[in-house]
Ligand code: 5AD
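Encoded as structure tokens, the following chain is the form predicted on its own, with no partner shown.
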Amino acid sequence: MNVRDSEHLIAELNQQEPYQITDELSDADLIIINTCSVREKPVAKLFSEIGVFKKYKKPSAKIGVTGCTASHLGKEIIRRAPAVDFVLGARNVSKITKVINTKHAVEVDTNFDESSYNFAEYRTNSFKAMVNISIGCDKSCTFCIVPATRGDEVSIPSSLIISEITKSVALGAKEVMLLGQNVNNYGRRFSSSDEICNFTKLLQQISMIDGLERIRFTSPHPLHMDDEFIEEFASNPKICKQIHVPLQSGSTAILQKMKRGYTKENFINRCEKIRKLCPEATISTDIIVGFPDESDSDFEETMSVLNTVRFEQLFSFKYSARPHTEAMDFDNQIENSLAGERLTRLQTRHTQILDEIMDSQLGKIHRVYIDELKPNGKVSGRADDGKLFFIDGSEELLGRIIDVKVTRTSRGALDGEII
């Protein structure tokens, strides 16, 4: 989502003058730091980055801070770092041309509605498109700062989504990634009250676009994975068979404290439904360890779900207390050392599972969409199920979907040869 926001920022700026990306700090006329605030570390890093940019930038260059940290710190950023020229919140991306020429401008209104705004066109990769289908979040997870930084959830009109994807396909994209905090809650709220469309219907509409061959999305919420949605995921040939199902914890007691809205049993049931209807699908997840009041038995419940579902990909973290969240004030905060031990156990076990999954791929054939040129005579792309491939090849392979045989395996990617 931050990558797509960055593309929107560049697109809007290009309406005033033709900006180009540079890798040389000393050449930059404008430096934008697009931030995340889900965990504490990126926030701490922000101010050290500003210091580096201030030291080495040319005198006339402007510095802007955008994104979620901008939303929740606002004017505090300029107070702590006067070298910053403007602050633009995650819900105010379309205002970039307004703030860029106003010294110390701060626009961080989380109630601002950009859902019907038609952004200018700019993409970092012409072979695949990222498209927002909603903004904000209506959930109240006790560990998460996102509702405070991105505001209430609003769905983007389906006609705008279809139009944006159609334009991308005309420019060469064969794959789209649909983005939202809870994509399968699409239709929860529209700016216009006359539209009625849920996520399953949206997927069906998108799959009718000529020339579009692959549909991905992130992130769905387990609470909204009804049978209709899972059946569409499994049966629609254009929907890639890769799905992110954020667990967060395997303990029902901890899930209740997190206000996730489902139980361990509910979660496993949804994953079993996916595996039954679509055995080739890969399932990834998010897990937080060391959440306040997490006992040894709670953690063992998480390990149990890991062993039951056998996730193909795992994003795992120690709990990070965030401002504007309920959990920050919970009693029985877990010691960092204990959380670290649990994280190591979780990641070690997942590594074992991942090795078994990836080793079993040797000799198998996948349909791979080649979308990136790599150094040393390589290209890369992803299979339908999301596995990353590296293949010997050159620019003429870009934009093609080809059969590839796995010749070497590793945890992060597969090497293959065209057949």
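The model shown is predicted, which means the values in this text are computed figures rather than measured ones. The first residue of the sequence shown is number 1, and the count goes up from there.
In what follows, reference is made to the form predicted together with 5'-deoxyadenosine (5AD), a form of this protein that is not presented.
Chemist: Quick one: from K62, H366, K54, R39, grab the residue that has a heavy atom within 4.5 Å of 5'-deoxyadenosine (5AD) in the model of the complex.
Modeler: Contact with 5'-deoxyadenosine (5AD) in the model of the complex is made by R39 alone.
Chemist: Heavy atom within 4.5 Å of 5'-deoxyadenosine (5AD) in the model of the complex: which of F229, F317, Y122, F190?
Modeler: So the residue touching 5'-deoxyadenosine (5AD) in the model of the complex, by this definition, is F317.
Chemist: Exactly one stretch in 286-294, 194-202, 70-78, 208-216 has heavy atoms within 4.5 Å of 5'-deoxyadenosine (5AD) in the model of the complex; which is it?
Modeler: Result of the contact check: 286-294.
Chemist: In the model of the complex, does R310 come within 4.5 Å of 5'-deoxyadenosine (5AD), counting heavy atoms only?
Modeler: Heavy-atom contact with 5'-deoxyadenosine (5AD) at 4.5 Å: absent for R310.
Chemist: In the model of the complex, does C144 come within 4.5 Å of 5'-deoxyadenosine (5AD), counting heavy atoms only?
Modeler: Result yes; C144 sits at the interface with 5'-deoxyadenosine (5AD) in the model of the complex.
Chemist: Answer yes if any heavy atom of Q248 is within 4.5 Å of a heavy atom of 5'-deoxyadenosine (5AD) in the model of the complex; otherwise answer no.
Modeler: Yes - in the model of the complex, heavy atoms of Q248 and 5'-deoxyadenosine (5AD) come within 4.5 Å of each other.
Chemist: Is there a heavy atom of K264 lying 4.5 Å or less from a heavy atom of 5'-deoxyadenosine (5AD) in the model of the complex?
Modeler: No, K264 stays farther than 4.5 Å from 5'-deoxyadenosine (5AD) in the model of the complex.
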